[in-house]
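Shown next as structure tokens: one chain only, the form predicted alone.
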Amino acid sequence: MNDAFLIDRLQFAFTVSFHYLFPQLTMGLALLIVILKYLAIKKKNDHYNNSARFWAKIFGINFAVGVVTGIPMEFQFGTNWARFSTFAGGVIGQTLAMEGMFAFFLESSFLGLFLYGEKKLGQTGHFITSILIFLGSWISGYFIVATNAWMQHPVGYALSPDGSVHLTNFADLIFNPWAISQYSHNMIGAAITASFVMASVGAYYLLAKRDTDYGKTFIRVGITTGLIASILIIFPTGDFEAKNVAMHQGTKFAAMEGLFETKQGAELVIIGQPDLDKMKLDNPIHVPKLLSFLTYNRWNAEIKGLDAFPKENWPDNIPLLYYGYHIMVGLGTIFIAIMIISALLLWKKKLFETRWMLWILMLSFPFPYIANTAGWMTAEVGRQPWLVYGLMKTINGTSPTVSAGNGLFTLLGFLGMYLVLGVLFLLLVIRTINQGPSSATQSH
């Protein structure tokens, strides 16, 4: 691995990880704003309209920063990953172009109408606008996931005489079975992020003894949505995604489960530390035969370990993959516990006075961001050493004319620029939260 290759990977990893902090909240909030608008119409109560306006402000700030941080990623396909773009542009160009249409035209246009057109649209029109924002953001998300899914599980393509690939079946690309499972898991993850953020802000208002009516609404909506999403992230979406990986990417599955040797009746590892020198897990805590059962519905089913695959096709950072996967799963389990306890207290009408649980809700909002990042890390690190699985290795996708110095210069530039954007985002969101939803007024 030469320095330019390493820096190109670090730069894309940093920019994509930072960028995805914003779309996950945007896509999740789009759903919750629709729920708030529905409640406003159903209950004929402007309290829910003010709530929707308040979260639309945060949505707008988040959307703007997400767009700004997303643009450099697409340019990197041409600057740092030119050989990949030449090879796969005939396929992924379709979905990336369609995502741009939905993200920049549909979503942003209707966001403007939602923020500034409520008086002229009326409540029904305003509600329809919220639905269109939701559809725009979720359809946009699908095209991005479909692009990544093709890199994970290429379908609907043919090799050209020049060695590149071109699209032969658009339906195969769009309805790639990998995309369907990955998308459902990803969007439920976005809903969890938004639910925890909304519940966290609600808990803050109750603990601060201000805007308490809004705080209670935010907690009710956040917990109700978050409980459903936290269950769905495990089953069926997480189960479906894991079985897809086991079927099509055996090396990734073995590495993320810490399975070095092929076994019948493989155990599910809860905790353990991979030792690559000895090809085993240190200090493992596991449940016998459970991995085989969860994967193939048979207690004694065979699960292939890393020993069943050529070493050159192993993921190049097995510990990072293993820990990223287990962080994601561990946090997902914690989310269910938090939401179940909160829902029980809410049902018993004790949550709003239970300060220790309000503190947990308020302080837990960063963890869905960590879980989503760990999930994408699992997907991307696990695909290595392939850039397009089975077709192009990552080392063959870089731009040969971009030196390590050029890559490092732009990486440092992104670090500085994103630091400024991150601070600005936090200041704007904190200011909006401090102003409170009671300051929301109907736009003219």
Partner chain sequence: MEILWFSIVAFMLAMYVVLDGFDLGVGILHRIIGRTEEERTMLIKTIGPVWDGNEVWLLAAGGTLYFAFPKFYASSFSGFYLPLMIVLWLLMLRGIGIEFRHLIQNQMWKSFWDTVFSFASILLAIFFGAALGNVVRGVPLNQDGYFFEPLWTTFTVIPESGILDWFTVIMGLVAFFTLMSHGANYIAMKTDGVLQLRARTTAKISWWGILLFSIIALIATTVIRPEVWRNYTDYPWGYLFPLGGFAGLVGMFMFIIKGKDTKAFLSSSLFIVMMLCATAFGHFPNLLAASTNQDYSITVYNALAHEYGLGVGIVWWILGFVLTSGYFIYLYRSFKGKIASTNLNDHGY
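In this text the structure is predicted, and so the values were computed from the model without any measurement. Numbering follows the first chain given and starts at 1.
Separately, the form predicted together with its partner chain exists; it is not shown, and the next lines address it.
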property	result
Whether Leu10, Phe309 and Asn317 all lie within 4.5 angstroms of its partner chain in the predicted complex by heavy atom	no
Phe352, Phe77, Phe367, Tyr296 - the one with a heavy atom within 4.5 Å of its partner chain in the predicted complex	Phe77
Its partner chain: the contacting residue among Phe260, Tyr323, Phe102, Tyr204 in the predicted complex [heavy atom, 4.5 Å]	Phe102
Among 116 to 124, 267 to 275, 301 to 309, 233 to 241, the region lying within 4.5 Å of its partner chain in the predicted complex by heavy atom distance	116 to 124
Partner proximity in the predicted complex: Phe110 to its partner chain, non-hydrogen atom cutoff 4.5 Å	yes
Partner proximity in the predicted complex: Asn49 to its partner chain, non-hydrogen atom cutoff 4.5 Å	no
4.5 angstroms heavy atom contact with its partner chain in the predicted complex for Gly413	yes
4.5 Å heavy atom contact, Leu106 and its partner chain in the predicted complex	yes
In the predicted complex, residues of 166 to 195 near its partner chain [heavy atom within 4.5 Å]	His166, Leu167, Thr168, Asn169, Phe170
